[in-house]
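Below you'll find only one chain, the form predicted on its own, shown as C-alpha cells.
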Amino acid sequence: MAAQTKVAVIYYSSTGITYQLAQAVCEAAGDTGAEVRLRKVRELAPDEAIRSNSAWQAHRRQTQDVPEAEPDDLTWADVVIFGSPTRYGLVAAQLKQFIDTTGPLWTRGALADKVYSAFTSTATLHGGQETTLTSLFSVFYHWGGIVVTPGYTDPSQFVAGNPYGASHTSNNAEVAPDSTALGAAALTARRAVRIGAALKQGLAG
C-alpha cells in the first residue's frame, strides 16, 4: 500500500483573504487522501498596526488556534504549498522571514526533491500576482524543488487566467475569493499532490 502523501500549506494573511485560499487548498488536498498540515507564519506587524484595522484584528482572533509554521513542517512534507498576499510584487515580509530561517535545511539538502506550489492575492487587478508567484519559484529552484503550477490543464483556467498559481483580487479585502479563485486553488492542490505522490512512489521504488 502506498504511503500517504504529506502536504504542508504554509501561508500569511492579514485580513483573511489569503487564508480563505489556504483553506481551499487544504480541503482539496485532503480530498485526495493526503495528510495535510495548515500553518500560518509568525506575525511581525506591531499590535498598534493590527488594532488600527478592524478586519486585521478580527482575522487574528479568528486564526489564533492555527499553529505557526516551523522548519520541521518543511522536512515533514512531501508537498509544500505557500500562500502570500502581494507586497509590491513580492511576498509579504512575514513569509519571507520564515523562508529566511531555512538556511540550515537548505545546506544539508533537506528541502530538495519535494514538490512546491503557491497561491496569492492582491488588492487590485493584477497588482503583482504573477511576480509574487515567480519570486517564490526562485526560492524553490534554489532549494532543488520541483515546481508544479495549475497551468492551463483545466478549462477553468482559461477563466482564472493565471497559469502560475491560484490568485484573487480582493479590492482591498472587500471581495472574498469567488468560485473561480477557489477552484484554481483546489486545482493547484490536486496537481501538486498527484505529482508529489507519483514522485514519492518513484523514490520509494
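Predicted model, so just to flag it, every value in this text is computed and none were measured. Start at 1 with the first residue shown and count on from there.
The same protein also exists as the form predicted together with another copy of the chain; that form is not shown, yet it is the one meant from here on.
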Taking a heavy atom within 4.5 Å as contact, would all three of Ile99, Thr134 and Pro163 count as contacting another copy of the chain in the predicted bound form? yes
Can you work out whether Thr149 and another copy of the chain are in contact in the predicted bound form, taking contact to mean some heavy atom pair no more than 4.5 Å apart? yes
At the 4.5 Å heavy atom threshold, is Trp106 in contact with another copy of the chain in the predicted bound form? yes
Under a 4.5 Å heavy atom criterion, is Val91 part of the interface with another copy of the chain in the predicted bound form? yes
Arg190 versus another copy of the chain, in the predicted bound form: is there a non-hydrogen atom within 4.5 Å? no
Of the residues Leu44, Ile50, Val66, Ala58, which one places a heavy atom within 4.5 Å of another copy of the chain in the predicted bound form? Leu44
Across 12-34, which residues bring a heavy atom to within 4.5 Å of another copy of the chain in the predicted bound form? none
